[in-house]
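Just the one chain here, laid out as structure tokens, in the form predicted alone.
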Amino acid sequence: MIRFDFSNLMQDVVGRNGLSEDDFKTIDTARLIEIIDSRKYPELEFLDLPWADISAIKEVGRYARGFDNFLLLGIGGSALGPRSILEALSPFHNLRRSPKVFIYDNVDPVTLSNILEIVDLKKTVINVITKSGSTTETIGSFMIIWQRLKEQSLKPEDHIIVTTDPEKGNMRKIADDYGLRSLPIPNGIGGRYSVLSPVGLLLGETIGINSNEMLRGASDIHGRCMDPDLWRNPAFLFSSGLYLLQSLRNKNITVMMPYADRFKSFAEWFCQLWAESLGKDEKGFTPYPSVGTTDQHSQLQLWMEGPRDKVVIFLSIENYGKEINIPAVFQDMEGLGYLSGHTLSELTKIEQEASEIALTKNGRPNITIEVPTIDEYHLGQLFHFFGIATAVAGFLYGINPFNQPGVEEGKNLTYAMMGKKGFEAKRKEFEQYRQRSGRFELM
């Protein structure tokens, strides 16, 4: 099991910038459990994912393995989750194994042009992921791929897999009308909480990731995260600690810092989950991703001596699964020879501990989560833990952690300017703002 150390949040360790045990007395764990047990929000359905039937995902994954390339079209949680799985569990995948994976998660035309120059669509399966079936960026790229398939006299039903709502939406209609293979995203699960659904697991099954182990990891940590005792519940402690540090100590920024390159995309996944779920009603944290040891040489200076507004979350890896010894060379040079006889994983672990201690000595709160090794089981634990912790943080703030009204406004303005029916008023609003801009533009 992954292990949690919250010691460096407490006043007796980091001084006045930390929390006392009395501070936690304001946390009503019974209310949190009641919200979860009553399923006050239907989106809490993500809690059931560890026990879902994934036989259909496995069947479609077997089909997808018959292609040379796997092209994923999605954005936000529909791409960040699958990318996290790919990079954590199959690093440098395209140089080692097939099918080769391409994730198109933006609308940059250069990126899609390069992908289409590299892949042969005859040998490519395309996974289109959009819960609503109307995600502008994903639908736009899907329409391009659809036309390219038609131009090459390829049958879409042989090449396209749709991951979308089980009953409604444009992509559900297209999948049903054209007989496309499809996988349902359960009704109550939003994109950023969907990584342990077909959104993430299909890519995993396609490239040989053991989805059962990911779900076993999630189920094993679930019970700990439902414990009504705050001091035994890591998800409640994580959320409560950060919530109290912000409300009592003005710690507004959450830094996610894994000490493994393979977790770099995971840190980005966390940042979307944390920001989009909690940034409402002028509440929430500003998250940003980091990676150790790299960012000790860029960001650590700010954390150590800049504004006291940050909490650093360290992801420490106990066993990297591989080892490289630092050889006994340059022994006559005092500034280099001391490294001989050590290993790269030893150096990485020491650097993580050194950063942790340095921050703590300087009164900068931090949390350490120790991951025994990077594999399916422990990645599943991390996904499920952070999903629960994020939802609980929303409950503490008294906000809905599952909607995204701020994002919707931008979507609606995009619909208006692209000519979608029913958004004429928004188009006028857009044009008014466009006319106001540029008055102070320097040419």
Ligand code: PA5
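Nothing here was measured: the structure is a model prediction, and the numbers come from that model. Position 1 is the first residue in the sequence shown; the rest follow in order.
The next section is about a form of this same protein that is not shown, the form predicted in complex with the ligand.
**Student:** Thinking of I57, G61 and T206 as one candidate spot, does the ligand come within 4.5 Å of a heavy atom in every one of them in the predicted bound form?
**Tutor:** Not a single residue of the candidate spot has a heavy atom within 4.5 Å of the ligand in the predicted bound form.
**Student:** Counting only non-hydrogen atoms, choose the one of 291 to 299, 68 to 76, 369 to 377, 326 to 334 that falls within 4.5 Å of the ligand in the predicted bound form.
**Tutor:** In short, 68 to 76.
**Student:** Is there any non-hydrogen atom of N400 lying within 4.5 Å of the ligand in the predicted bound form?
**Tutor:** The answer is no: N400 has no heavy atom within 4.5 Å of the ligand.
**Student:** Considering non-hydrogen atoms and a 4.5 Å limit, does the ligand approach K131 in the predicted bound form?
**Tutor:** Looking in the predicted bound form, residue contacts with the ligand include K131, since a heavy atom lies within 4.5 Å.
**Student:** How about K251: is it within 4.5 Å of the ligand in the predicted bound form, going by heavy atoms?
**Tutor:** The answer is no: K251 has no heavy atom within 4.5 Å of the ligand.
**Student:** So, Q404 and the ligand: in the predicted bound form, are they within 4.5 Å at any heavy atom pair?
**Tutor:** Yes, Q404 lies within 4.5 Å of the ligand in the predicted bound form.
**Student:** Of E276, D220, E87, E356, which one comes within 4.5 Å of the ligand in the predicted bound form, counting heavy atoms only?
**Tutor:** Of E276, D220, E87, E356, the residue with a heavy atom within 4.5 Å of the ligand in the predicted bound form is E276.
**Student:** Just give me the single entry in Q352, S141, S240, T135 that has a non-hydrogen atom within 4.5 angstroms of the ligand in the predicted bound form.
**Tutor:** Among Q352, S141, S240, T135, a heavy atom within 4.5 Å of the ligand in the predicted bound form occurs only for T135.
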